Structures are given as C-alpha cells and as structure tokens.
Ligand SMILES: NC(=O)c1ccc[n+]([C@@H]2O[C@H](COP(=O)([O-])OP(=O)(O)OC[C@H]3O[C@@H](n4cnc5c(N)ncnc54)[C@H](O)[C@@H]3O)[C@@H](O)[C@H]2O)c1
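Below, in structure tokens: the form predicted alone, a single chain.
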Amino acid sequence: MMPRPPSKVVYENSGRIVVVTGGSNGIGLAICQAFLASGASVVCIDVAQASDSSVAGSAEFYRADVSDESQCKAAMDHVVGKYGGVDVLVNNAAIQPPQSYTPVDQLDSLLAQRIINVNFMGYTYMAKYALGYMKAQRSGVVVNIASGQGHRTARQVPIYGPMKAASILQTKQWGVEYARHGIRVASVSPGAIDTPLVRASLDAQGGEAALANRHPLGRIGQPHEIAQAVLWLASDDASFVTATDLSVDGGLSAFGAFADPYPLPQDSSQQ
C-alpha cells in the first residue's frame, strides 16, 4: 500500500531562505515543494529547468552546474544578494548513469570523474560558499542527501556508492567543524525512491519488483517521504541533531539487502 502524501504542513519555515540543488525533479523537486508549502522562500539550483509548473512558478530557478566551483559561488552570491542570507542548504544534485553500473576494471574513467565532480565536489563547493555566509550570520542548516549505498554496497557500483559514503563523512566533519558557529549539518540516506534516476537504473537492479523486495517494508519509497525527513532535520525541532545521518530506507540498511537481494518470503499469517 502506497503512503499518502502529508495532509498538512508540520514544520513552519516562514521567512527562511532555502537553497536546494538538483531541485528540478525527483527527491529535489519534492523537497522544494515541501519547503514552499511550509512558507519558505526557495531557490532551486539545477542544470535543467524545473519540470513542475507549481515549483517553477513559486520557487526561483537558478541554472548552475554544481561541478563548477565558479558557478556554485555565483549561485550563492546571487541568493544572498537577493534575499539577504541563506538559512538552509540542501545538497541533493547527484548523478548515477546506468552505464556506471559496471565492475571497476570496466569503468569509463571520464564518466567516473563526472560522478565524482557532481556527487562529491558539488556538495563541497555549495557548502563552501553557503557555510561562509552562515558563519557570518551564526546560524544555518546544511542537509546532504546521501544514500543507503553509502552504508552498504553492491556489485557494479564502484563510484556512486563510495561517493555517497564520502557525503556521510562530509556531514560528520562539517557538523563537528561548524557547530561552534551555530550551524547544524545532517544527512539523509534514502533507500530506493521512485525517481527518474532510479527508474533509469531498474534493469541494472533486477527490475522494480526485485528492488521493492529488498526493502523489509516491501516497496520502494516516495520522494515526499524523503522531503519530510529533510524538513524535520532543517527545523528547530531537530535543534540538537548535527553531524549525523538519518536512514529513510524502509529498513533496507538493517536488512542488508544490498549484499543479499533475495525476495522476501510471504507471511502466511497475512494470507
């Protein structure tokens, strides 16, 4: 049974300035929508125009490639120049091309470098310039979107998984470094979520049914479920949470299903 979208705003963000990278679709789009619904001013940073008209009409879209440091600096300078500051940065922009599913000895080096540049250096560059402004205002929250693949690995993910593990350690290091400046840093590790990126990789992961069965809850997640976790981490309700990662993965990391992708047996008590 699919979860229903949240019916009301739980976390109030009126007046807050929120920057979301990779906000044009999937998890990033859901995060933009959730912050907009909670009253925040949202800037969506992406290389592609927002696909949802409600976000395109309500959030500011700023085109930038996060793998380019100069573009990240320009994007953050624009946000602070226009809005006067930045309260929340959500590092979400990431790529996992289907052709990257391969053993490392067959990996295309240029593709690997592109994944590193977007998934790791993109987070680094955006944080570098956001944290500088947050230090000056002595407040702020950074939320990194990591992955269950940063905790457990699988065959044929020699670059994406290690980069997500790196983003979890980035979270811890930045959280420790900037706590004295009134800044919190946390990450969210999703399991498989129904996004274009996951849809594009279904064949490499054995199909949707096989992917769903790797999660103890027996399904893949929905983007709004990740967005709600991000809202909480960015809110004052999470004021004592920093330098840590939150798994929102339907039990996947506890089950160890990346290493043992076997179907769940049917529960005879439910028949």
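All residue numbers refer to positions in the sequence shown, first residue = 1. Treat the numbers as computed from the prediction; the structure is a model and nothing was measured.
The next section is about a form of this same protein that is not shown, the form predicted in complex with the named molecule.
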Considering non-hydrogen atoms and a 4.5 Å limit, does the named molecule approach residue 143 in the predicted bound form? no
Check residue 195 for me: does it contact the named molecule in the predicted bound form (non-hydrogen atoms, 4.5 angstroms)? yes
My question is simply whether residue 47 lines the interface with the named molecule in the predicted bound form - judged by any non-hydrogen atom within 4.5 Å. yes
Would you classify residue 234 as touching the named molecule in the predicted bound form, given a 4.5 Å non-hydrogen atom cut-off? no
Whether 19, 166 and 184 jointly form a contact site for the named molecule in the predicted bound form is the question; each needs a heavy atom within 4.5 Å. no
Pick the stretch from 75 to 83, 103 to 111, 130 to 138, 88 to 96 whose residues have a heavy atom within 4.5 Å of the named molecule in the predicted bound form. 88 to 96
Note which of 245, 65, 60, 208 lies within 4.5 Å of the named molecule in the predicted bound form, where distance is taken over heavy atoms; exactly one does. 65
With the partner left out here, which residues of 111 to 129 have a non-hydrogen atom within 4.5 Å of the named molecule in the predicted bound form? 114, 118, 123
